[in-house]
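One chain comes next, on its own, written out as structure tokens in the form predicted alone.
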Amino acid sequence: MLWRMTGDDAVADSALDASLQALVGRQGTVQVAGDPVDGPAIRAWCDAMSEGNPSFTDEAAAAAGPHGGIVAPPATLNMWTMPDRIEGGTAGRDTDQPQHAAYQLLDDAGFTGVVATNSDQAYERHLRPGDVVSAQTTLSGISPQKQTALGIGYFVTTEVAYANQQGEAVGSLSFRVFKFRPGTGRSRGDGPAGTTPDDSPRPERPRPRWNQDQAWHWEGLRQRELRIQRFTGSGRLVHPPVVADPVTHSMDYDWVVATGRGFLYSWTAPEHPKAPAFDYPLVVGLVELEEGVRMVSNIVGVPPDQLEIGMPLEVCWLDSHDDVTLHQFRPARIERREGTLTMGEVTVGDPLPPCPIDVTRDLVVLGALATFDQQDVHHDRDAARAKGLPDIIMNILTSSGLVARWLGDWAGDGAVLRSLRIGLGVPNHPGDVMTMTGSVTGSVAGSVMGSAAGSVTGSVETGEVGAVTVSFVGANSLGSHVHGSAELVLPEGRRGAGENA
């Protein structure tokens, strides 16, 4: 049910609005990180994000790379001045920061829930081990009171300028959080006035039928094994299981455990009639496994307009009943590119390979630890529930890091991330899968780069670079978790005949 405002609430919130708006435009004192950028923290971040760029961790490879030495991943920009890393420890770290004064006013008024919603980062200069980061924050805006699915609350926006120990600008951040009253959001089934919420349980999927001759296959699925029938005389692999070898008619067989990898041979998306036990769009694919057999299965984690015949797939699992597990397939995570993508290989409209990311509890917690984020909603399930959330949630620094990792896997080690704009939608909770999809939406060859690329030493012989813009979405079972755009600097390369700059 929706939370209803009384007359007293309206008066109190009007006074709160006035107090909040009085803080807008205020600038905090410069906060200096208590510790320099260091290798162990960089490696911990890379481990949490599964980041494989050697420019961040490997001295020899980094020396030959675009920066001439190890640099910190650009998406770590704002983690070096997280509250627990500010010089002087926790004492007095918030007292003169205008955003924290706003947060305290909102907490006191019952708006104790908090989620990050937007993060726009621009990178002027790559940080290196030994750099000491400072940050100066301006409270740039507070929205009027808003009703959202999470609850009633306020969007609070800050602008942060970052510098190194020489006073050189290294980057900037526009950051927005939503502070809300727990328990004031829209409940499942809330609809137009006069309608009755549909709280009926969702029907289960139809139960598959099999006989004792196929029990080995279904038992394998319960054990997360994709077992394929093999006739021992001919070595022939067959799926689905049959009684006899279709050529020799021998009935002697065993099975092999498939790798679970393959490619999309064909697919369709039935639309009518819709069965209430299934999620739509419902993609039914014919998957050719590495072992050579083909099987019919659902394709999940990617919208139909992103499907391509021949795209690599990997098996995943659906527990449809207490004792039944089904195989499904999703896009396989791309291997990190060897070498670096060049401008000559990029055309506006090119899709990026979809990438599934398992949102495990370890990933959520380790991501928060690696980014020095101590907020309890990222590691304490009871605290998260007390603040109106069903479970812990991934922090925006982890979301940013995963997006940056995916972009780097696509573009290669020599690509330089110049900006990353992130908007958050539904939360990432443990047990879900977020699939990244995106496309190239802009391309500027031979552009004049600012200081963001100033440390690039010319990893290609020409030393010429250009920029591409990629728009992306990371979706989970609830909807879009993250969306936004990024700009990457790439070596110019050479275009093929007929390509436009």
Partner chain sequence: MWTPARQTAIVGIGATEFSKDSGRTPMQLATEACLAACADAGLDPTLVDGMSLFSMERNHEIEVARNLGIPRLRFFSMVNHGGGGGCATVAMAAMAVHTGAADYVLAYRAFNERSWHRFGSGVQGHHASPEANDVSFSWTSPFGLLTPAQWAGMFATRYMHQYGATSEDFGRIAVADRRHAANNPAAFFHGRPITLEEHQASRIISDPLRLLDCCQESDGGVALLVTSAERVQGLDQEPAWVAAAAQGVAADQWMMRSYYRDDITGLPEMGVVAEQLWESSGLGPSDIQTAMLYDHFTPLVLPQFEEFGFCATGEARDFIADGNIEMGGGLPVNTNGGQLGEAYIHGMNGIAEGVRQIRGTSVNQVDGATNVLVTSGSGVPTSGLVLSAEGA
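Residue numbers count along the first chain shown, from 1. Everything quoted here is computed from the prediction, not taken from an experiment. Rigid core (definition): largest C-alpha set, two forms, superposition within 1.5 Å.
Only in words, not in the display: the form predicted together with its partner chain, which the text now covers.
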| item | value |
| --- | --- |
| Option touching its partner chain, based on a heavy atom within 4.5 Å in the predicted complex, out of Val348, Ala383, Ala169, Val296 | Val296 |
| Contact residue in the predicted complex, chosen from Pro206, Pro390, Pro144, Gly235 - any heavy atom within 4.5 Å of its partner chain | Pro206 |
| Residue stretch of 276-284, 114-122, 135-143, 358-366 approaching its partner chain in the predicted complex, non-hydrogen atom distance within 4.5 Å | 276-284 |
| Distance check, His249 to its partner chain in the predicted complex, heavy atom within 4.5 Å | yes |
| Heavy atom of Asp107 within 4.5 Å of its partner chain in the predicted complex | no |
| Interface membership of Asp376, its partner chain in the predicted complex, 4.5 Å heavy atom rule | no |
| Its partner chain contact at Ala244 in the predicted complex, heavy atom, 4.5 Å | yes |
| Those residues of 248-277 which, in the predicted complex, come within 4.5 Å of its partner chain by heavy atom | His249, Met251, Tyr265, Ser266, Trp267, Thr268, Ala269, Pro270, Glu271, His272, Pro273, Ala275 |
| Rigid core fit then His321 CA moved by 2 Å or more between the shown form and the other one | yes |
| Post core alignment: Leu282 C-alpha displaced by 2 Å or more between the shown form and the other one | no |
| Post core alignment: Glu345 C-alpha displaced by 2 Å or more between the shown form and the other one | no |
